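Have a look below at one chain only, the form predicted alone, in structure tokens format.
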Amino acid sequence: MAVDLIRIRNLKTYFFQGKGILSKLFGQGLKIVHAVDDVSLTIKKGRTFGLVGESGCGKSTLGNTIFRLVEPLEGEILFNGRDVVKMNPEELRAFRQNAQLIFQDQFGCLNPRMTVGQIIAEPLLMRQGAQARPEDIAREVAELLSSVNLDPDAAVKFPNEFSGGQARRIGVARAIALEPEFIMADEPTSGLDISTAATILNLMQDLQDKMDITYLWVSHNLNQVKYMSDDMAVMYLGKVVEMGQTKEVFEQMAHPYTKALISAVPQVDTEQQKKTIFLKGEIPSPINPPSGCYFRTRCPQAFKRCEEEEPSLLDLGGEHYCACHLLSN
């Protein structure tokens, strides 16, 4: 049975706007953005956990909160049993050596003034400090480049000399340099063509098998999530509305929002295309979310209880959970 690597419990990450005196003088007051709103989930060691939802639903914020790049308002983030929220700076630095990020912008996360070799060597130098030997660092950089299917000679080049797919591989090489247990991949194939994206997916699967890495896979691409993830969660306006093993969620989708998302995946079958569910209305503001169920303003099956009471995650069996009053009505 897989061991829990990360356990998130009742996590809330809010952003505060309009705290200045001028905003209060002009009547705007304090505005609270409910970016991550009472989320609980578990990521098992050696597996891939997919996180999906529309833009602005809180996926990336949840991932950044795990690393404390964004500070949570309340809740627990247990990594190997230790609460990341309560870690002091020294403990947090040690945690971040064991947990790495692959950023969405493949070029924006690479320093254009540094060579690829310097970019990949930076975490190695920070870990080894004064004991680092240049020849050893150069050898490790060459090995890391080879592991992501890049020529070791690429170490002397600058990021602007590479394609998008190659730049993404450089980001992967930097992420695995310290042999982390956990990697968050935030839209790891965004901006790449299909064939290049497939190469990145296969590369990351190979690295997972070799290094026993645990992934948090944040993506809009449901086909990728279905292919890569063992478990998944669907987020809407800062909340998890459905969660479970990926195969179970795709085959036995229970939440109206999940059904709408999956129905929108492009299909070759024209009959399947006709079954696409089109949601009406706009996504509510996270500053002023609706009462009760956040999804009720767009849900075609909403009824009075949805307006009055917030649904909790119900256990549907087989580690499949869904927050919807239709299941308990």
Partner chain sequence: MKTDTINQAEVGMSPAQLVLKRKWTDTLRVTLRAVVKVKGGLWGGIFISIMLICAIGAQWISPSDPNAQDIMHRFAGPSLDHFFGTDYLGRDIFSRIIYGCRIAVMVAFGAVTLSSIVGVFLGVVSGYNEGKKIDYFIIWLFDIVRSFPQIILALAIVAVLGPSLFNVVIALAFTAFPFYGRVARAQTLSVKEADYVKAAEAMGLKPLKIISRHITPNIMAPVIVCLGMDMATMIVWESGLSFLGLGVRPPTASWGIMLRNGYKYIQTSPWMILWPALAIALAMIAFSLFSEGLRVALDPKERER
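Positions refer to the first chain, counted from 1. Keep in mind that this is a model prediction, so the values were computed, not measured.
There is also a form predicted together with its partner chain; it is not shown, and the following applies to it.
Colleague: Among Gly117, Ala138 and Val156, does every residue place a heavy atom within 4.5 Å of its partner chain in the predicted complex?
Modeller: Looking in the predicted complex, the three residues Gly117, Ala138 and Val156 all sit within 4.5 Å of its partner chain (heavy atoms).
Colleague: Work out which of Ala173, Ala99, Val218, Leu237 lies within 4.5 Å of its partner chain in the predicted complex, going by heavy atoms.
Modeller: The residue in contact is Ala99.
Colleague: Work out which of Glu91, Glu251, Glu74, Glu161 lies within 4.5 Å of its partner chain in the predicted complex, going by heavy atoms.
Modeller: The residue in contact is Glu161.
Colleague: Using the partner position in the predicted complex, report whether Leu30 sits within 4.5 Å of its partner chain, counting heavy atoms only.
Modeller: Leu30: no, not in contact with its partner chain in the predicted complex.
Colleague: Do Ser40 and its partner chain share at least one heavy atom pair within 4.5 Å in the predicted complex?
Modeller: Taking the distances in the predicted complex, the answer for Ser40 is no, it never comes within 4.5 Å of its partner chain.
Colleague: Is the gap between Lys86 and its partner chain in the predicted complex 4.5 Å or less for some heavy atom pair?
Modeller: Judged by the heavy-atom cut-off of 4.5 Å, Lys86 is well away from its partner chain in the predicted complex.
Colleague: Is there any non-hydrogen atom of Gly81 lying within 4.5 Å of its partner chain in the predicted complex?
Modeller: Flag for Gly81 set to no.
Colleague: Would you mind checking 42-64 for residues with a heavy atom within 4.5 Å of its partner chain in the predicted complex?
Modeller: The stretch touches the partner through Asn64 alone.
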